[in-house]
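Next comes just one chain, in structure tokens: the form predicted on its own.
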């Protein structure tokens, strides 16, 4: 495994991290989740990315990690870098979502209970809350670190101006933001286009990308249409109408370039994200050990050349 320094900090993250968003809920057998996580750890993937509502049902991914920590990984706690988040819908009532001090602190306490931990290595505000004052959200994050419930703070999916303010506020309160998490892939480049990566590079903060394979579009799975049992047939996170003729043609051209490089489309797509400025790591999900192993093969490949980056666009 290759590790990369996270901004201007003492943290080293694997270039490829394991996300618990899919395949760690009640829709999958526990033994499959365990097999994937233990294989990841055996390959040096020490960063596990979770959130309070990952499942299904909400909280199930954290419960499963808690069981793994009890039964398999407890002796390796200090080798792991465990992240969780709060701010999306988690329980009923006015405090079960968004980024109030009440929600963030209550949710983290619940997360720690599910995982059987005294602290997490990294705690994120999972989304920008347009109604709660930024100072309230950010002071809650500062206090969470001061209480010893998290070692580092991250920000996820915040717009540029709010992110600038967060970096300044947290720095002034001696709890610097470690990392920003955002969606980034060849098909969706918002952090690049909206100046977020420029800001993180300038401020020497880490960046970690989720959905680097665009929910599976940037793999060979959809090159011949929509297969049965795919995420697109479920229609929850990836809609069938997304696979337009124009997109299909683009995917086939990208796949051709990947084949010329002697790798899979997924490998090339992950490499593209890793070569963006400020990128520390990419988060991958996996439905099997074989899929995860293929994603990790990305690190054995060669960097994309300037000409290949131009062709990708």
Ligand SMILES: NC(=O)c1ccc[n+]([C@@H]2O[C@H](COP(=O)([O-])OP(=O)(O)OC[C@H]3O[C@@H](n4cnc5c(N)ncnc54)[C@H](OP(=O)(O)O)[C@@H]3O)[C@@H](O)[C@H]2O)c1
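Numbering follows the first chain given and starts at 1. Please read these numbers as outputs of a predicted model, since none were measured by experiment.
In what follows, reference is made to the form predicted together with the named molecule, a form of this protein that is not presented.
Colleague: Contact between residue 62 and the named molecule in the predicted bound form at 4.5 Å, heavy atoms?
Modeller: Residue-level check for residue 62: no, no contact with the named molecule.
Colleague: Would you please decide whether residue 181 lies within 4.5 angstroms of the named molecule in the predicted bound form, comparing each non-hydrogen atom pair?
Modeller: Close contact exists here: in the predicted bound form, residue 181 approaches the named molecule to within 4.5 Å, heavy atoms only.
Colleague: Even though the partner isn't displayed, in the predicted bound form is residue 157 close enough to the named molecule, meaning a heavy atom within 4.5 Å?
Modeller: Residue 157 belongs to the contact set for the named molecule.
Colleague: Even though the named molecule is not shown here, does residue 284 get within 4.5 Å of it in the predicted bound form, heavy atoms only?
Modeller: Result yes; residue 284 sits at the interface with the named molecule in the predicted bound form.
Colleague: Which among 128 to 136, 204 to 212, 163 to 171, 68 to 76 is in contact with the named molecule in the predicted bound form, heavy atoms within 4.5 angstroms?
Modeller: Stretch with heavy atoms near the partner: 204 to 212.
Colleague: Would you kindly say which of 222, 81, 98, 152 lies with a heavy atom within 4.5 Å of the named molecule in the predicted bound form?
Modeller: Among 222, 81, 98, 152, a heavy atom within 4.5 Å of the named molecule in the predicted bound form occurs only for 222.
Colleague: Check for me: heavy atom within 4.5 Å of the named molecule in the predicted bound form, for each of 52, 106 and 110, yes or no.
Modeller: The answer is no; none of 52, 106 and 110 reaches the named molecule.
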